[in-house]
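Only one chain is shown below, in structure tokens, and it's the form predicted on its own.
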């Protein structure tokens, strides 16, 4: 058994390790000059999102004890059965953003229309925040990983309350910040403001997000891919050909790219971001426009992955160049390591011959 002295030494060492790490708030302040929209309100906006993430994380970690498992008995605007934790996560994000008062408009997966932060339209702030409050919420009942995705835009000067949705539906390239929170073995907050990607792990003992993954870069040579292959018969012939090509053994090393699919976009994306890989959700007869939402799922992750050196495409066009037309617009998505997204585009565009240079057959 370890002595009291050794336990005390371990605690002191852990405390010293924590004290050497920068908190999320310190990081934002320290790098404020590098942010394109470095204002006090912008820094507070990121803080508001992080506060909501802490509360959501607490509720998820107590889900087996509290009455927050299962469904609410209602269906959301997406036609999906709403989980209790969906509603809780949505409520906490809206509450934090309203209380902070640093944004003028909210768009959520759980609401059919945008949410004005001030119903009277009296606000000086021009930030619009879009989010998926709890991505992969069906995983909560089986204690699997889930996440939150968020995206921030600046509305043009002189915007009118009646036109707020129209002026907020901007191309993803116009984002000023985007990120996600992954709730797994630990809670990690990953974000970008257009100046690289950094990750912060929540230390519950002090209630702070600490810089744990500085300057994240996605490896160009992926080791795994993520897709729901139960739907493979619904995929186009081009996508099926691509998957067969993807599974081939490397002629030089004999290694293969492995399949890993959690069923939470955030979780699959986070693993691929750190290790290299590809996430794909193509169009199908049941989802001819794809399934993922452009404004609060595809756009923020595309902005983030490009900042980390990766790519995001709908198979024919860069995600960040798509002009959204509706709040809940969907899109096919191929996102991850640059070389794998490029290969996927080649197959979908009928240029698969370009990928046969290594002698591999379909």
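Positions refer to the first chain, counted from 1. Everything numeric here is computed off the predicted structure, so don't read it as measured data.
The form predicted together with a small molecule is left out here; the points below concern that form.
The stretch in contact with the small molecule in the model of the complex, judged by heavy atoms within 4.5 Å, is 130 to 138, chosen from 246 to 254, 154 to 162, 216 to 224, 130 to 138. Within 4.5 Å of the small molecule in the model of the complex, a heavy atom is found for every one of 263, 293 and 297.
In summary, among the residues 209, 281, 150, 191, the only one with a non-hydrogen atom within 4.5 Å of the small molecule in the model of the complex is 281.
Of the candidates 111, 82, 236, 228, 228 is the one whose heavy atoms come within 4.5 Å of the small molecule in the model of the complex; the others do not.
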